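Here's a solo chain for you in structure tokens, the form predicted on its own.
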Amino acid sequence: MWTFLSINSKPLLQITLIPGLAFILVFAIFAVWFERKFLARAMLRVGPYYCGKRSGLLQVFADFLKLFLKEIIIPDDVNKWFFSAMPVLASTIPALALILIPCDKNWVLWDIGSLSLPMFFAIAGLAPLIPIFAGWASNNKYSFIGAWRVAYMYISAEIPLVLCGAAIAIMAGSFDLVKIVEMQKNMWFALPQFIGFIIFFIGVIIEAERTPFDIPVAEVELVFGWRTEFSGIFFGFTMMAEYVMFQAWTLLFITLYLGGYNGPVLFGNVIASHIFWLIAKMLAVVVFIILLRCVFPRLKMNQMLNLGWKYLTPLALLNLVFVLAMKVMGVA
């Protein structure tokens, strides 16, 4: 299936298909549909039913068309350009991190070598600024409170994530995501770094604002948090941002701990096999995280901060010391 690729067509396919625009959009559409159907089954409800016959698959497209055609309402006393730019940036900035994820050692859209892991954290670190600015620009108390919840939550989560990323780089001997994946051909890093594996998994849920860490958009308390004042297609962009963050952090988690694209060769082609295994691992993690929404209630803000500062950060430091000790002893 990849024999038709040439030097000129390969970058175009990476941009348009994987890990580019089509991959992001297809994931968002599939994730929204699957989450609705999956949660409906888990809660003994029907879920989307009429659009697309029994599967309800066309409901996602119907919702997008509805949001696209709805009026965009901009509140009074706001900077209209700033307010309008935030929902677009909320989904595009985390999408930039996706182009760093290797689908194969020869299939990386933005291959910057040893800067790839630090660059991912740098781009992902910019993403929380957009909800903060959006909440401020909305000139709404619920949006502003939700924005500051984003700030508190992300600060307490990103420090453990960076410490876990540093431990992975030390064990692999490189910050290059391709080299990190190649070092896991014989054993996934989730085994020797099980503590970091658990910490990073929790961090992925926090960064994606998934249950039980969907605190910034708690509808019972804050209407819809920092997204409250956005309507029409702007609201659609803010929802898209959640799934782009979800996708980006899940792929990084797989790359660092679950061997990335490594897997048995299928289809008689190495690149196609690697893309298949990367997507298969991603879907398995996504389904498990969605399942948690059926099990755990939303945490309170103080509970989340206690988790981040009292448990995740010290454990991440412990994991880092453990990896350094293994490196000194020549085990890793």
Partner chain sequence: MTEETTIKERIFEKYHVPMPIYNLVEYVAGWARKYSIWPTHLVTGCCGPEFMQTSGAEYDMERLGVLPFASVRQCDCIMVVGVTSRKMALRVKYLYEQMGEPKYVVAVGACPVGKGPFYDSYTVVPIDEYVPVDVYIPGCPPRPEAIIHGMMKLQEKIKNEVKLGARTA
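Quantities reported herein were computed from a predicted structural model and do not represent experimental measurements. Positions refer to the first chain, counted from 1.
The form predicted together with the partner chain exists for this protein as well; it is not shown, and the discussion that follows is about that form.
Residue in contact with the partner chain in the predicted bound form (any heavy atom within 4.5 Å), chosen from Val26, Leu266, Leu291, Cys51: Cys51. Thr228 is the sole member of Thr255, Gln247, Thr228, Ser116 with a non-hydrogen atom lying within 4.5 angstroms of the partner chain in the predicted bound form. At the 4.5 Å threshold, heavy atoms of Lys281 stay clear of the partner chain in the predicted bound form, well away from it. Contact check for Lys300: no non-hydrogen atom falls within 4.5 Å of the partner chain in the predicted bound form. Contact check for Leu67: a heavy atom falls within 4.5 Å of the partner chain in the predicted bound form. Taking the partner from elsewhere, Ser273 is found to have every heavy atom lying beyond 4.5 Å of the partner chain in the predicted bound form. You can rule out all but one of 101-109, 258-266, 228-236, 187-195: in the predicted bound form, only 228-236 has residues with a heavy atom within 4.5 Å of the partner chain.
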